[in-house]
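A single chain, nothing else alongside it, follows as structure tokens in the form predicted on its own.
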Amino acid sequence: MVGKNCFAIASDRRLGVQLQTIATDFQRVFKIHDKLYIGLSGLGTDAQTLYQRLVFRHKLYQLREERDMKPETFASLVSAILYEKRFGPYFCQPVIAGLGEDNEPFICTMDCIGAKELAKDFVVSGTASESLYGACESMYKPNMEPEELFETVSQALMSSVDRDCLSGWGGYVLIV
């Protein structure tokens, strides 16, 4: 979700196989650099593999260009990597959030073959996406300050995962 010169990215902590819970402390939000994060919902092993490939590509970009990747560029990279594997896809739905030029927030999400969905307010993915859409639409206000954004995202996440039996076990909210 986007605020005034800031963004929030959040996830639940559950790792499960169908209805069986395997872990309650699984990391789904990963740091690419100080102003760019990616959240990977979906199959846990695919999320970890995709994250490792993205870190590798970002480090190559840093060596070649001598700067960090812009969020728009990173979104195109993620889309290309996912599309490469379209016949045997990574079962992940990435959410990319970052601060671009002049600390302008950028958010987007993709399906498992890399089709981008850009937004100016919020994006969601995962098993609780239907209830997250409703909660975010009802709670979102433009130009929220970081404290208000944290509270809004936390409330939306907790109310949504309570309605979905395949997600939960706490939440992780990051404000940049």
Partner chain sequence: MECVMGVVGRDFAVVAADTSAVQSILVHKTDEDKVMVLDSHKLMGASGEPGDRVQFTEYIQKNLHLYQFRNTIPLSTAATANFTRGELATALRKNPYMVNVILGGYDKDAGASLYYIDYIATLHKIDKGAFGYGSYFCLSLMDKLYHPDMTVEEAVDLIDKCIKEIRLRLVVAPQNFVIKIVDKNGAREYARRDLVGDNASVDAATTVTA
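Positions refer to the first chain, counted from 1. The model shown is predicted, which means the values in this text are computed figures rather than measured ones.
Same protein, other form: the form predicted together with the partner chain, not shown, and the subject of what follows.
Participant: Could you tell me if residue 136 has a non-hydrogen atom within 4.5 Å of the partner chain in the model of the complex?
Facilitator: Judged by the heavy-atom cut-off of 4.5 Å, residue 136 is well away from the partner chain in the model of the complex.
Participant: Do residue 26 and the partner chain come within 4.5 Å of each other in the model of the complex, heavy atoms counted?
Facilitator: Answer yes; at least one heavy atom of residue 26 falls within 4.5 Å of the partner chain in the model of the complex.
Participant: Please tell me whether any heavy atom belonging to residue 49 falls inside 4.5 Å of a heavy atom of the partner chain, as the geometry stands in the model of the complex.
Facilitator: Yes, contact at 4.5 Å.
Participant: May I ask you to state whether residue 106 is within 4.5 Å of the partner chain in the model of the complex, using heavy atom distances?
Facilitator: Output for residue 106 is no: heavy atoms all beyond 4.5 Å of the partner chain.
Participant: Using a 4.5 Å heavy atom cut-off, which of 116-124, 64-72, 139-147, 40-48 contacts the partner chain in the model of the complex?
Facilitator: One stretch meets the cut-off, namely 40-48.
Participant: Taking only heavy atoms into account, state which residues of 3-39 are within 4.5 Å of the partner chain in the model of the complex, ordered by sequence.
Facilitator: Read in sequence order, the residues that approach the partner chain (within 4.5 Å, in the model of the complex) are 15, 17, 19, 20, 21, 22, 23, 25, 26.
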